[in-house]
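First comes one chain, alone, set out as structure tokens in the form predicted on its own.
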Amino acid sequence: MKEGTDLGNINDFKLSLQRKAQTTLEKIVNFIVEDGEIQVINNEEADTIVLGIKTSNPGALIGRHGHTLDALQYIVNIITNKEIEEPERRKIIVDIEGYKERREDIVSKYAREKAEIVKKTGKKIALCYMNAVERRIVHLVLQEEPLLSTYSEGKEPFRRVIIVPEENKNNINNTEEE
């Protein structure tokens, strides 16, 4: 009987965290747009809560390259997980109308295009500055490329991915002979 009670408490705890995250996001979004609607999106991961926002003005909440959306997600994570012990914390993901998936596709395509240029020219290319999530996407997309390597350089927020031909992997500062 005690086990059933514990399981119920775990589910109640998760629901209360979901409600707290949803309410927090709702309050913040209502300061920015008038018609923001927050929904909990089902996902399979037990330690993650996914919240979706619907609004007639998604650009105001997404921001340039998703920076505002990232900030919203960060703030909701901090507030929701405040005063909760580490093993009980949940990762909260905030998305607007599938923006994050579209952004991942854009970054992947950008990385592949630049990788083709590196293969053709044999010269390294520095990509534009990216946040950690986007840099990770680039590294993952290009990790199977046998002719290329990637690494990150710089300090936040001016950190970016460098794509180098494989022959230059061991000598990053390799100067080309003409």
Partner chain sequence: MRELIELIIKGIVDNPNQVEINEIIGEKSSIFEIKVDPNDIGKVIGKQGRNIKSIRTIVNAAAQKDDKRVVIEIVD
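In this text the structure is predicted, and so the values were computed from the model without any measurement. Residue numbers count along the first chain shown, from 1.
There is also a form predicted together with the partner chain; it is not shown, and the following applies to it.
- Though the partner chain is absent from this view, in the model of the complex it lies within 4.5 Å of a heavy atom of just one residue from L140, A60, A126, V40, which is A60.
- Scanning M130, A115, V50, I28 against the partner chain in the model of the complex with a 4.5 Å heavy atom cut-off leaves one residue, I28.
- Residues placing heavy atoms within 4.5 Å of the partner chain in the model of the complex fall in a single listed stretch, namely 62 to 70, out of 62 to 70, 41 to 49, 115 to 123, 140 to 148.
- In the model of the complex, I84 stays away from the partner chain, with no heavy atom inside 4.5 Å.
- Shown alone here, I78 lies within 4.5 Å of the partner chain in the model of the complex, counting heavy atoms only.
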